[in-house]
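Each of the two blocks below gives one form of the same protein chain as structure tokens; they are labelled structure 1 and structure 2.
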Structure 1
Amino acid sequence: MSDLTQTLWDLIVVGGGNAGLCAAIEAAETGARVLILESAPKAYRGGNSRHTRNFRCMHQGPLSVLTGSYEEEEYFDDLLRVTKGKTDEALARMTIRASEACLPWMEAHGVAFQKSLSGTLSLSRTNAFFLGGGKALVNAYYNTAQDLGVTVAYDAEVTHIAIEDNAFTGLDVTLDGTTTRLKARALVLASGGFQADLDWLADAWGPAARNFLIRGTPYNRGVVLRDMLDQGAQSVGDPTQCHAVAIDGRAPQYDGGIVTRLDCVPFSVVVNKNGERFYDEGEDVWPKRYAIWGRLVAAQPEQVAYCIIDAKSIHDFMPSVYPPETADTIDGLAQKLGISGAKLRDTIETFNAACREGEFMPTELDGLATEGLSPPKTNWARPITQAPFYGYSLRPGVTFTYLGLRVDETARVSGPAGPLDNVWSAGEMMAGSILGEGYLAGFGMTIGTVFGRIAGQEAAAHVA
């Protein structure tokens, strides 16, 4: 540790996920002396990046594993649709355009890509998948950083950023139980959002947030973000909002990651704790509706819901990590799920009576809708009749928060008196600047890579 305190670093990067690593690599390639402070232990390094799987990339023709082309306008339209316009168009377009050069850069820095995974063919044109997923990407970047002479400290929690006269002068970090002041000429903040801090979530969402599962790392507690906001850093993004998807209710409190997803909603009837339906399960194909169900379930009593399917549908979706509850009768299933059998039977019978004849086509909008039911199920509405019956519990799984640091197109952070001289930010910590609402698969890694690289280049130029 004394080595760390005795060095005047050119650049300290707070947060060792994708964005921080990209910044560290860019700066180290110019010869800068770089230190990464990662709050997680080595086994859990990489923040939420370790749970990711792909990178949304603009390309004007086939590129690496990407098929066809995916141009700026289409990409931007996709972003506009999910954010409902809550984006900064200039920053968004800059990010999209920069993504194309990122993919070859990633490959040159050790990231291997694979064809889109089975079950994700719809993304083969837009998203480049990391071979082995995000942890393999994180490993590759740590190896590259190590080869470039970057120093990494794990279990290093930054508690305070010292800012004087609009400039960063040093930071406090807790290492081995001792808090020390480290000095550097430039700072990149890439320590993510605050979604792992349940108290903060409860402040924003109310006590219901205590029933949320955190899908990613437990180390994104927003300590540095809060410290910066307390010092008047300009913020962006709705502080009361987080992005949540509906995941398997039995998932671990933290770090459940990809395997906790449940893709059965479109083929099921979803009821709440009271055995009542509350939303159109068949509104659209699952990838497009996956993201709204976290909030739908969060609004239900005790923040829980239950997916009910029958034997006809059990093979129509990706396998889940936990086996479903199974019973030969609806009553038996209700008992296992802990909901009223009479009420569930009534809901299912009412639903069944509203189903009509038609062709079921699981991979497209088949228009097989209920009649006279409220709320309706507008596609894939097949009666739940064939035993055995299966049930999965659903809970909101928080993936990230929107509140972050406002940055400009050079990734620079602004304090109360305008842009800070030597502080940049990248990744989830500033993603709210572009992603004000909703989510677009693989876009978090795009923001992290683009802004991480920019932040690293800018910081390196500052200290050169």
Structure 2
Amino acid sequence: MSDLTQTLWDLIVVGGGNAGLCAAIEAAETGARVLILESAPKAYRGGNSRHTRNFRCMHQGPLSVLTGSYEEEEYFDDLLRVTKGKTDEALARMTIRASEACLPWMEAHGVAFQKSLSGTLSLSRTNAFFLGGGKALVNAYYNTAQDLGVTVAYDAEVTHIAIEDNAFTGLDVTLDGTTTRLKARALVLASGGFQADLDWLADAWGPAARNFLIRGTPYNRGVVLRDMLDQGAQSVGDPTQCHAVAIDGRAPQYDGGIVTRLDCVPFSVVVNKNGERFYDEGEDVWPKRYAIWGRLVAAQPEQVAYCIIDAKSIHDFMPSVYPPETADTIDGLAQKLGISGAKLRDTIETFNAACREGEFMPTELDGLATEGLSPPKTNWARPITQAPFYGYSLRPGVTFTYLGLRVDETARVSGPAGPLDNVWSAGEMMAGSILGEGYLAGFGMTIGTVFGRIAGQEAAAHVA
């Protein structure tokens, strides 16, 4: 503790996930004296980056494990579709262009990649997967930071950022039960959204939010974000918008991670507690639609839904962590799921009657659509007829919220009087600057890497 308080740091980074680590590494490579304050204990370090799997990357030809090309316009069009145009085009295009240089930078700093997974994920051209997953990426960056002399304090809860005359002058952090003031010449804020604070989530969403599950770290409670907003920092993003997917309803309240996601939706019929369908399960390939299902389920009674499939589809998606409920009849399955057997049987029979003949192609849009059904199913619509029948419960699983700090292209945070002199932000804490709504698979890691690197470079230049 005394070593931390007696040092005037060049840079303090609040948050030890992907974005914070990228910032720390960039600054340390210039010779800056860097301290990372991570609120989690060492075993749980890395924030939501622990649970990630891949990085979406622009490239003009084959690059590392990525095939073909994925150029700026296609990437930006994909982003526009999921955000429905709610993005800052200048920041988004800058992020997309910068992603191409990030992949070799990541490899040079210890991150290993592998070819993409197959099945419902058709990402070999757009997303580079981390060998060993997000934990391997986090560990690689911590090893690199250690080699560069970066100091890391775990279980370090930052409670207040001191801002005077438009500049950061110090921060209050609680370590080992004692709160103390640390000082630095520059600050990077990368401590994520507020999704782990269920009270704040309920303020934004209403009481229904208390039925949400948090896929990621329980340490992203928005303490620093709220402190900065209370001091007049300019905000961006809607507090009701977030990256939320449909996950297994049996997942833990916090930290279940990416393995709790269910990829069977495109091949299923999804019903709510009343046994009623409510959306097109086959709207698009899963990487472009999986992120809308959290909000869809959140809007249903009791914030729960159920995926129903039959024996034909059980091997068409990645296996689930928890086994499905199984029965030889639809009525028997409904009983196990706790919904009306008569209503579920009627919904399935109506759906089956709307299906038509055609070729089923699970890895691409096959156009095998229902006829005369509302809502329709526009791809992969096969009758659910072959026992045994399977069912999974679904709950909204929040990864991160979009309310955050407004930044410019240099990642600098804006206060009430304009850009702060020596404060930058990166990662989920500012992602709302680009993600107005919706989510594009792997783009959170892109934002974190690009803005983390920029924030570190800018902070290092400031203190040089």
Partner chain sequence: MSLDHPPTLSLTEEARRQVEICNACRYCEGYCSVFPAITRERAFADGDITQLANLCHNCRGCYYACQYTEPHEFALNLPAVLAEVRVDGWERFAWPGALARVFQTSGVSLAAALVVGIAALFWAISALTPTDGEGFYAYLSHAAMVAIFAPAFLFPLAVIAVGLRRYWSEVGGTRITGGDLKAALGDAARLKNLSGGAAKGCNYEEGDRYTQARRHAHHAVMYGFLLCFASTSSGTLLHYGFGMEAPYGLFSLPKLFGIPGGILLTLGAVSLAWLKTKADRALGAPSVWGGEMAFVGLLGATGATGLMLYAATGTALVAPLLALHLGTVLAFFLTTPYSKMVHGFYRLAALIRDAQIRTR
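Note that the rigid core is defined as the largest set of C-alphas that superpose within 1.5 Å between two forms. The structure presented is a predicted model; accordingly, all values stated were derived computationally and were not measured. Please note that residue numbering is based on structure 1, beginning with 1 at the start of its sequence.
- The form predicted in complex with its partner chain appears here as structure 1.
- With a cut-off of 2 Å and the rigid core superposed, P376 has a Cα displacement that reaches or exceeds the cut-off between structure 1 and structure 2.
- A movement of the C-alpha atom of D366 reaching 2 angstroms or beyond is seen between structure 1 and structure 2 when the two forms are aligned on their rigid core.
- Taking 2 Å as the criterion, R345 counts as shifted between structure 1 and structure 2: its C-alpha moves by at least this amount when the rigid core is aligned.
- Core fit done between structure 1 and structure 2; CA of I309 shifted by 2.5 Å.
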